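Take a look at this single chain in structure tokens; it is the form predicted alone.
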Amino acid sequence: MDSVAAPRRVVVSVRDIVKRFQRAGGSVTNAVDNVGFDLLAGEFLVLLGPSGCGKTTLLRTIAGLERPDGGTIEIDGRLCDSSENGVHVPTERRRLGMIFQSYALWPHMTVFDNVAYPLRSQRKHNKRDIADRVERVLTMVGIPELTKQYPGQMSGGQQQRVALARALVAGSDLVLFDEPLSNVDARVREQLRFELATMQRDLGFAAVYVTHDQSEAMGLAHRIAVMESGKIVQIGSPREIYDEAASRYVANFVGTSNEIRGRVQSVEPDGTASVTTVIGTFVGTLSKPDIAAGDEVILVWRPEDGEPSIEEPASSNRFRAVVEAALFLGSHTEYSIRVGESRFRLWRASRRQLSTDAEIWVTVDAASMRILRP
């Protein structure tokens, strides 16, 4: 008899959360607007969006640092917030860790004292228990030898590990991250991103991570929740968010996109449609099933999905273009191409560069052309 894997435990359950703030002048805005999701054990969820979209407010609400005006939050099956029932569990009783932009390490404390701080503040652990827990968690994150060092003596990666150890030492398997890599340069950020992904995989804690950096989100997340104006507008795996953007906003915020406005001529049963534009007629994939013939739409495709050729291709999903500029960036070359008054981006990994002013054909597969509402 085949065994069936048990469903993973829900670590955080957020339901219809609303958080309002009053602006100068008396108007009220919903910083978080009816948001809901479940976070599973061992899952890394990234809240992604521009400044002011509500992602940090949502994180602070889960942490208990903000009290919601509507909805419920459960952590490990325990009700922590309910505006209807007047429930609000304070942060220190939510059994979670939190890592901030600066890591918030005490500069005058050793690594041992920084990590031990949450245990000492609980006033229920003896010295031996604290020493054992700190030693164990520092070994878990790979820095047992740094016990007596101070934050100023360590690299950014080591400081990140100390902050993570402090977040995990009290036994929590939930860690909240508030843009922890935003204050480091690009090269260090890339290395810290790999280290964090490795530690999360090895240690298995659940995480909610806030960032406005799409590359960071794509590299770290099991799922990404894209936010706009206090709402989650799409949630899914990095590949789903990138390849199957549900809206123009998501397509433009996550990655680089080309757009062509047009009108739907016909819709096929397989979920594709024919769209007429100023540069030709193309077949694309519908983002929503209710898009119908006659609707105004936007065709969206990624720069790496265009296939250039000098000879006219057999595919009908093609157009003629002129290469205006080329930027060689090592791993790939980025081109600016023009079709009449329209300009698009084209990225190619090939070392053979297209000549500036060259006339080329560009083919885009129907599966790579998303048909979105304007």
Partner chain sequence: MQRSKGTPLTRVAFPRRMVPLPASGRLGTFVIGRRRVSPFTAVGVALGVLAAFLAVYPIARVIVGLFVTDGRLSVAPLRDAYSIPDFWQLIGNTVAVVVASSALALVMGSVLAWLNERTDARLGIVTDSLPMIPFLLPPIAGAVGWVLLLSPRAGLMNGVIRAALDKVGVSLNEGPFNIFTWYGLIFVYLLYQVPYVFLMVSAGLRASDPSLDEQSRVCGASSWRTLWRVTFPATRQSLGAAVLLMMWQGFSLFSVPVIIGTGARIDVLSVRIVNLLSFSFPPRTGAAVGLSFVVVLFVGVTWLLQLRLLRSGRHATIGGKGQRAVRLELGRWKWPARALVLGYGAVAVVLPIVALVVVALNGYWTTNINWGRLSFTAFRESVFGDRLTLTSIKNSVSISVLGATIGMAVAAMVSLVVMRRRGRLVQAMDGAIKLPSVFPHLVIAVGFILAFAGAPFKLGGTTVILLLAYISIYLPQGSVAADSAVAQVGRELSEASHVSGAGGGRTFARVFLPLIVPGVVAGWAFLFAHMAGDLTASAVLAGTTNMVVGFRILQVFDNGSYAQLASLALVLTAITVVVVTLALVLAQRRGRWRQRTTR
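Residue numbers count along the first chain shown, from 1. Since the structure is predicted, the reported quantities are computational estimates derived from the model, not experimental observations.
If you look for the form predicted in complex with its partner chain, you will not find it shown, but the lines that follow are about it.
Though the partner is left out of this view, residue 126 does not reach within 4.5 Å of its partner chain in the predicted complex, counting heavy atoms only. Although the partner is absent here, residue 205 lies well away from its partner chain in the predicted complex, with no heavy atom inside 4.5 Å. Among heavy atoms of residue 121, some come within 4.5 Å of its partner chain in the predicted complex.
At a distance threshold of 4.5 angstroms between non-hydrogen atoms, residue 109 is in contact with its partner chain in the predicted complex. By the 4.5 Å heavy atom rule, the three marked residues 242, 281 and 303 all fail to count as contacting its partner chain in the predicted complex. The partner is absent here, but in the predicted complex a heavy atom of 87, alone among 87, 197, 292, 131, sits within 4.5 Å of its partner chain. For the options 297, 232, 181, 221, the one in contact with its partner chain in the predicted complex, meaning a heavy atom within 4.5 Å, is 232. Judged by heavy atoms within 4.5 Å of its partner chain in the predicted complex, the contact stretch among the candidates 248 to 256, 269 to 277, 208 to 216, 112 to 120 is 112 to 120. Looking at 151 to 176, the residues that come within 4.5 Å of its partner chain in the predicted complex, counting any heavy atom, are 152, 153, 154, 166. Between the C-alpha atoms of residue 157 and residue 183, a gap narrowed by no less than 3 Å is obtained in the predicted complex, as opposed to the form on display.
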